[in-house]
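In structure tokens, one chain follows: the form predicted on its own.
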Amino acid sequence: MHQQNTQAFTLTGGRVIDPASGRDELADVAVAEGKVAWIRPSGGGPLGEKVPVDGLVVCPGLIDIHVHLRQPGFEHKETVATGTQAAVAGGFTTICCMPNTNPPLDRPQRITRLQQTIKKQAWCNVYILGAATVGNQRRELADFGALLETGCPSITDDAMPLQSTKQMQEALQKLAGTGRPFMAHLEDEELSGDGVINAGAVSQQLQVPGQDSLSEVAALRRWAQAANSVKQARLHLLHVSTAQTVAEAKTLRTDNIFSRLTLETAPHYFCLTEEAVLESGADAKVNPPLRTEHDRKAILQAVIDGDIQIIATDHAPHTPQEKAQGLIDAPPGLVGLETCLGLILTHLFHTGHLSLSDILAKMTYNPARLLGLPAGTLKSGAPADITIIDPYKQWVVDPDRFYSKGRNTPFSAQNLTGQAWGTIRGGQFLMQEGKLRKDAKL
């Protein structure tokens, strides 16, 4: 995917955290020929150039398994180049892009074509998630096997949620035995209807259609029913937003009805509530919508307890003109690649809810293990995809400084603590001291 940098260097004096191995200590990390050469106690002789990172955290490159790059078909919103620059700026070395493009990423030829663009233009590693149905029409399931063989790490119905229990069962059956989960967008469209924000006090106040939060859990129940007759069924729940979904998922796992069930959420679901719509308007319109304070607390607690194993961004850029259409007509989605780490450190680490190691597991090892990605660890011989974090860096969210084309964020002007200092991919610094390297070779 990229040109490997063969220059050797050693990151010295940093706090090395590698959740895959349980490592959390002051140590030096040597990089050579694009791979991790060794990790040793600080103070030994460096390999190659010495890069001091005292006071900073050195960890496996961050992974985001839920990103909308918009290419092909919607390049006015985002491109492979701009989206991956935003990823690198946010500390991510690997992302997975969603298939709701035009044309949809539903067949090998289209996957291959985008992979060629990625090879030329991407700043970070990009994996393409295959579309669940032909043309995203939800009538006929795509050829999952062909998509996996072409390099897709998994299949998803994101943005085009399956509604039929029979189709859900077929989808689980097609992936059973592959070791890959189906990545499901939970939405019962009979219950969500034409709702544009959460059904509740705010939707009533603004007199706009609301989306019933039961839509999410109703879809989960249908998936659970589908899984009854499929041995080795694996399901990954995208962007979980409600207290009831978390509770029912936990019950399904503990009762061994659906033991191979994993959950993901995004920072906006434990940082914000539906009240954000009153202040940020359509920039706070997402799908699933921001919920109540009860839901926010439940999502936060599930992240803390480990019932939610992965944090992703659901980075969904739109143009200012599209978001200016108002709550009913504006498309749902917000940009998250450049704010994610700061929000997580501010709301989970600096509040004392989670250790850095626990947080980083949800952003490195867990997503890599879920999808079988060659990432998420600093073990010797692993690709030198590394993120360097300044956990105490104070900064203010300024959408005008985003590398993403998208400016649609409800976090504008917020004060955050914690930010990526450096991003290394394949042994090459792509970002250093908070700035993208213009001399980086893609």
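One rule holds for the numbers: they count along the sequence shown, beginning at 1. These numbers were taken from a predicted model, which means no experiment stands behind them.
Heads up, the form predicted in complex with N-carbamoyl-L-aspartate isn't pictured, but that's what we're talking about next.
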- Interface stretch in the predicted complex with N-carbamoyl-L-aspartate - options 251-259, 197-205, 213-221, 308-316, non-hydrogen atom within 4.5 Å: 308-316
- Since exactly one of Gln173, Thr292, Gln167, Asn100 fits, which has a heavy atom within 4.5 Å of N-carbamoyl-L-aspartate in the predicted complex? Asn100
- Message: Within 4.5 Å, heavy atoms only, which of Gly333, Pro104, Pro153, Pro108 is in contact with N-carbamoyl-L-aspartate in the predicted complex?
- Response: Gly333
- Taking heavy atoms and a 4.5 Å cut-off, does Cys271 contact N-carbamoyl-L-aspartate in the predicted complex? no
- Using 4.5 Å between non-hydrogen atoms, is Asp158 touching N-carbamoyl-L-aspartate in the predicted complex? yes
- Message: Under a 4.5 Å heavy atom criterion, is Val286 part of the interface with N-carbamoyl-L-aspartate in the predicted complex?
- Response: yes
- Message: Can you tell me if Lys362 lies within 4.5 angstroms of N-carbamoyl-L-aspartate in the predicted complex, counting non-hydrogen atoms only?
- Response: no
- Message: Contact check in the predicted complex: His68, His185 and His239 versus N-carbamoyl-L-aspartate, with a cutoff of 4.5 Å between any heavy atoms. Do all three pass?
- Response: yes
